[in-house]
Ligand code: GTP
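A single chain comes next, written as structure tokens; it is the form predicted on its own.
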Amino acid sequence: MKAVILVGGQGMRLRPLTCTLPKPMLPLINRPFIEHVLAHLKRHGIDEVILSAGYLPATFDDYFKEIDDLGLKLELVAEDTPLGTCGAVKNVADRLDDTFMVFNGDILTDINLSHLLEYHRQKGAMATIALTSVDDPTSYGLVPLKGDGQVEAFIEKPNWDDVTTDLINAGTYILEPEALALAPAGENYSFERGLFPLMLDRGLPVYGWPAGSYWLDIGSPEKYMRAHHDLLDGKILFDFAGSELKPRVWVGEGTVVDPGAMVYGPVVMGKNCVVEADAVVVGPTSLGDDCVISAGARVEGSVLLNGCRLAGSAVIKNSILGRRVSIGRKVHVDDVSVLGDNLAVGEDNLLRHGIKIWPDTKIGPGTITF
């Protein structure tokens, strides 16, 4: 079976991390997020994948040239102009001659795709939408169902008085090629507001399937960090790379943890990291390759990407550091703050309250202290 993964968005809510990488290429437990999606597809027998890209498409191309162990046939199709969720799939309709799947490229999930396909075929559907339950449905588009599983309506971001279900679109679809014939070519067009409501209006068989699975949109700093925490906490199955230094502490090849360091799992460290004596690392925390945690520094509940360096007495708590971030002495980063790639933060700075700092910035000593 073939699948299309939508990876064209700019990931504005995840900036500054997405200033230099598209959202699906951001690391999740030290592997590009898209690799988690591809591994999930492969487990369910999908062996041909088209990636529809628009933002920094060369990043995907360069990455897939470097790997050959996924066992999938991959094709990258770059959009000249944004085409929307359905428009992007319509753009590759000539490659889709049988039942196919569509995935949003920023969803972490363990939805049973085999069961979803079985349901689609059993119902004789032209489109089947995987659904997930959420605590606050007013922030999403609701998808109430009839008794037989057919979609009854699409309700965009309702008030609480109008909420009749907690089921929302989970960003995973199965479609028959005939459905794409209804979509205009070369236009920005969406599944959610365009094709699916049109199919309902025409009385075509559109079904919903409540998945009851883990589901998380990684599109904000809070959720990107939560995805790391959930994997580390075992809320979704994951095969951690490296060796287990002690229970729930995984380290990559070449990583050195001083016996005098205090490391409390769940923690994952990439390759060639150094954690010095008297440093403290408290999980759930993920360190990328080549990170250095100096003596007296502390990392807690955070995500550090490749090449981060923390000087003594620095504290990183519940925050995200991009690639090659250098943190000076007595710097405190907290409250889901996000630092972009190649930052240098001088000593005695206090970065809190969800502050975001763009890549390639240099912050002098004692500059930010609120």
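When you see a residue number, it is the position in the sequence shown, counting from 1. Everything quoted here is computed from the prediction, not taken from an experiment.
Heads up, the form predicted together with guanosine-5'-triphosphate (GTP) isn't pictured, but that's what we're talking about next.
> Heavy atoms within 4.5 Å of guanosine-5'-triphosphate (GTP) in the model of the complex: which stretch in 159 to 167, 83 to 91, 263 to 271, 137 to 145 meets that?
Every other range fails; the passing one is 83 to 91.
> Please determine whether residue 302 contacts guanosine-5'-triphosphate (GTP) in the model of the complex, using a 4.5 Å cut-off between heavy atoms.
No, residue 302 is distant from the partner.
> Is residue 3 one of the residues lying within 4.5 Å of guanosine-5'-triphosphate (GTP) in the model of the complex, judged by heavy atom distances?
Residue-level check for residue 3: no, no contact with guanosine-5'-triphosphate (GTP).
> With the cut-off set at 4.5 Å between non-hydrogen atoms, does residue 79 touch guanosine-5'-triphosphate (GTP) in the model of the complex?
Yes, residue 79 lies within 4.5 Å of guanosine-5'-triphosphate (GTP) in the model of the complex.
> Residue 294 versus guanosine-5'-triphosphate (GTP), in the model of the complex: is there a non-hydrogen atom within 4.5 Å?
Residue 294: no contact with guanosine-5'-triphosphate (GTP) in the model of the complex.
> Answer with one of 38, 53, 325, 320: the residue that has a non-hydrogen atom within 4.5 Å of guanosine-5'-triphosphate (GTP) in the model of the complex.
It is 53.
> Heavy atom within 4.5 Å of guanosine-5'-triphosphate (GTP) in the model of the complex: which residues of 98 to 114 qualify?
104, 105, 106 sit within 4.5 Å of the partner.
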